Ligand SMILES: Nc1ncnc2c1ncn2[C@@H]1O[C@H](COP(=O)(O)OP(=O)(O)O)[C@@H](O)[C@H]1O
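Consider the single chain below, provided in structure tokens and representing the form predicted on its own.
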Amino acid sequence: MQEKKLHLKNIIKRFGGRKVVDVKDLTLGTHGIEGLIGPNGAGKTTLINLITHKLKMDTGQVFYYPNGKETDISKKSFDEIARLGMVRTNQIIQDFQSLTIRDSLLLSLAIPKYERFYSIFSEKKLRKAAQQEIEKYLDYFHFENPDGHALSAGEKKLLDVVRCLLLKPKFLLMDEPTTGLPQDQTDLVITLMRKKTVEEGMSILIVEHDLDLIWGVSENVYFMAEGEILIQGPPDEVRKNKTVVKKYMGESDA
């Protein structure tokens, strides 16, 4: 078990008067790879959006521990949270349509200390170091044409994962990271995630409907339904829980 990485207190979010997230007290990031599961509409993606401040919460606090020191990130911007080492992938693929795969990854590495957003394309030392790191991931995932555009949904999903990893996060939130990927690419993603948690101490939370994947890679699983975390524990315990079986595992879209 790792040290505490994230603590949520009294997180509430309503849409049109309907409470979609209601998390009283929850600690995340203490088990390397963790899974967040639940039926459609449970509030899983909304919770991630609230944690990273992509969406504003109605009430509550989020405490992050990037170096063991408590930091209240409840009112920090999405970019500020990313600079502290918490990064998320996207459930809906986002892409720079006009850029090649390589240039898209270079752009994702542009950092605030440079005056111009595109300076990474002109700063030779920075560009060289970035290119070396990018090449490692391009080789690992076997991108068919790195100098072309990401055409398939699978390539775009991988591109999103690599963008996040290039930022060297301490905490990575992954929203359905393997949807649309063939099995061999899924295996590569999972192998790399396991390596990152062991060698770099990265904490990873995976939101996923593929329960075989969740049971296979997670050290701890959280079950969410109707905006609340109802069950949490080791995967073998969660998968046998009567509430989980009744509310989720019998569903056709699970």
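Just count from 1 along the sequence shown to find any residue number. From a predicted model like this one, the values you see are computed outputs, not experimental measurements.
Just so you know, the form predicted in complex with this ligand exists too; it's not on screen, but the next bit is about it.
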Original post:
Closest heavy atom of residue 28 to this ligand in the predicted bound form, within 4.5 Å or not?
Top reply: no
Original post:
Quick one: does residue 43 come within 4.5 Å of this ligand in the predicted bound form, counting heavy atoms only?
Top reply: yes
Original post:
Can residue 18 be called a contact residue for this ligand in the predicted bound form at 4.5 Å between heavy atoms?
Top reply: yes
Original post:
Heavy atoms within 4.5 Å of this ligand in the predicted bound form: does residue 39 have any?
Top reply: yes
**OP:** Quick one: find which of 188 to 196, 62 to 70, 44 to 52, 211 to 219 has residues within 4.5 Å of this ligand in the predicted bound form by heavy atom distance.
**Re:** 44 to 52
